[in-house]
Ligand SMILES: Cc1cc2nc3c(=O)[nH]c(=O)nc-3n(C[C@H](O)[C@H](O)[C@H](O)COP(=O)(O)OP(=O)(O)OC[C@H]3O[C@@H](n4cnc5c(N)ncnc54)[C@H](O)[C@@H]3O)c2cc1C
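As C-alpha cells, one chain now follows by itself in the form predicted alone.
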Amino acid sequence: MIRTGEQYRDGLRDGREVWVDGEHVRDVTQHPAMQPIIDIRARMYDMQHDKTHAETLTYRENNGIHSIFNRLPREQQDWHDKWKAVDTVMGDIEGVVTRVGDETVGEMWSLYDGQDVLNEIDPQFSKNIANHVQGVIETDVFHVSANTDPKGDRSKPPQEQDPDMMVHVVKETDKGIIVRGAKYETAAGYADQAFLKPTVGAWTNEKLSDYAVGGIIKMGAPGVKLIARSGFAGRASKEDYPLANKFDEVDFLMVLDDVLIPWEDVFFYRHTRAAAYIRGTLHRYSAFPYTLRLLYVADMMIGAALWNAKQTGLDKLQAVREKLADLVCYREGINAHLTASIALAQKSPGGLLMPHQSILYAGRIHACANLPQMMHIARELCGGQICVTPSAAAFSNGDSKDWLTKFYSLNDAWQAEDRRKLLAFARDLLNSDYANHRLTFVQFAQAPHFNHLAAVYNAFDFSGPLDFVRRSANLSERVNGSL
C-alpha cells in the first residue's frame, strides 16, 4: 500500500550509520543537510493520499492502492500517466529533483526483462527479481541504485590492487553472500534500499567472477556505512540560494564492510554474462524519467531568462529572441524525443512496453550533451548581475537598503525585491556551487557520455540505412549476408 510521509521518515530511523562532515548523524530526518530533501520526498508520499492528487499519483490493483511510479509499463497510457504524475509532483514542489525513486525502479524492470538469461544460470535468481519487483509495488519503498565504485588505479584489475576498490563477494554462507567494497550513490542516506549493480570491466575473459554480483542492499543493514559529501543546504541564506537550500540531493559513499545479502535478495552472482547483460540493458526504462527531469530544467532556464528580459525591457530585441529560441529548441528537442519514444514504444523481452530505445537514448544525449551550452546561453540572457548582486540582507538592513532599492527598482511593476529574487534564483540555477554540481551530476549520473553513445549504437537498427544504400548504390546481392 502507499506510504505516508511520516511512515517514510520512520523508516529512516532504522539505526543506519550516516556521517556528514565527520559527524555521526543519529537521525537523518533532522539533519540540516538532508532534512529539506527528505521533506520533499515525504511530501511526495503525502500527495498520494491527498484527494487533489491521488487520482494522478496512484492506481488500484488487486484490492490495493499503489504508486503510479512503480506500476509496470504495459501500454502507452502507462507512460503518459507516469509523465503526468511527474508533472504534478514537480509543480507542487516548485522545483526539480532527480533521485526520488521513480527513475531507479525502472532498473528493476530491466532485471525483470532479463529473467530468461538468469534462468539459464539459476532459476532462483529470476524468482528473486520477480518477488522484488512486486515487493516494491506493494511496500512503496524509496528504491535507488548503487552506482559506481571508487575503482582505484584503473590501469590495474582489482585483484592487483586493494580488491575492495570494486564491490566483490568475500564469502558464501547458508544465509547469503558477504560483500565488501564501496559504491557512490545519490540519496543512499535517506533511501530505504539500493540495487547493488556491478561495474562492467572488473573481468576480461572470465566466465565467473566474485565481482559479478547484484542484489538488494538495505540501508540499515549491519556493515553499511554512508558517508555524505558536504551538503549545500544551510551554507547560505534561503533568500540568496533558494534552490540549493531546498533541492540539494545529497550524494554518499556507501561503504559495504562485510555486508550480508540474503539469498532471497541476490539477483545474480559470479556469472559475468549475466552481469554484462544486465548492465547493458539497465537504462532501457530509467533513461525516460531521467531525461524528463531535464525538460523541467530547460523550462526553468527559459523562464528565468525570459523574465529577466521582460524586467529589463530587452525581450523585444531580435538578438535576445534568437537566444531564447535556442533554449526553446533545446527544450522541445527533449520533449520530441520523449513523446516519440512513447508513440513508437517497443515490447520488451519480458513482455513490458519500453520506450523506443534508440529514440530515447538519442534524446538523453541531446538533453545531457547540450546542457552546458544551454546554461551558458541562459547566463548570457540573465546578464552579469547574477554574479555581482549583494545578499538579501543588504537589501533589507542598514544604510545599503535605500541604495539597493533605488538601483534595483526598474519601474512600477518591477520593484527591487522581485528583481533581487529573480537574480538570486538565476544565480542558483546557473552560476552557484549547486548549479555546477548539478551540471557535473547530469554528465555522469546514469553513465558518462561515451556510454550514452554506445547505448544509441547498440539500440539503433542499422539494417534500414544499409539496405537503402545497398540498393541505391546497386551493390552486389552477395553483400546481403553481411547485414
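Remember, it's a predicted structure, so these values are computed and weren't measured experimentally. All residue numbers are counted from 1 along the displayed sequence.
There is another form of the same protein, the form predicted in complex with the ligand; it is not shown, and what comes next is about it.
Trainee: Counting only non-hydrogen atoms and a 4.5 Å threshold, tell me whether Arg99, Ala146 and Thr440 all contact the ligand in the model of the complex.
Mentor: Yes: Arg99, Ala146 and Thr440 each sit within 4.5 Å of the ligand in the model of the complex.
Trainee: By the heavy atom within 4.5 Å rule, which residue out of Ile68, Val28, Ala445, Ala42 makes contact with the ligand in the model of the complex?
Mentor: Selected option: Ala445.
Trainee: Answer with one of Lys207, Lys347, Lys316, Arg154: the residue that has a non-hydrogen atom within 4.5 Å of the ligand in the model of the complex.
Mentor: Only one option qualifies, and that one is Arg154.
Trainee: Within 4.5 Å of the ligand in the model of the complex, counting heavy atoms only, one of 185 to 193, 351 to 359, 236 to 244, 131 to 139 shows up; tell me which.
Mentor: Contact criterion met by 185 to 193 only.
Trainee: Is there a heavy atom of Asp78 no more than 4.5 Å from a heavy atom of the ligand in the model of the complex?
Mentor: No, Asp78 stays farther than 4.5 Å from the ligand in the model of the complex.
Trainee: Answer yes if any heavy atom of Asp164 is within 4.5 Å of a heavy atom of the ligand in the model of the complex; otherwise answer no.
Mentor: Because no heavy atom of Asp164 falls inside 4.5 Å of the ligand in the model of the complex, the answer is no.
Trainee: At 4.5 Å between heavy atoms, is Asp251 in contact with the ligand in the model of the complex?
Mentor: Asp251 belongs to the contact set for the ligand.
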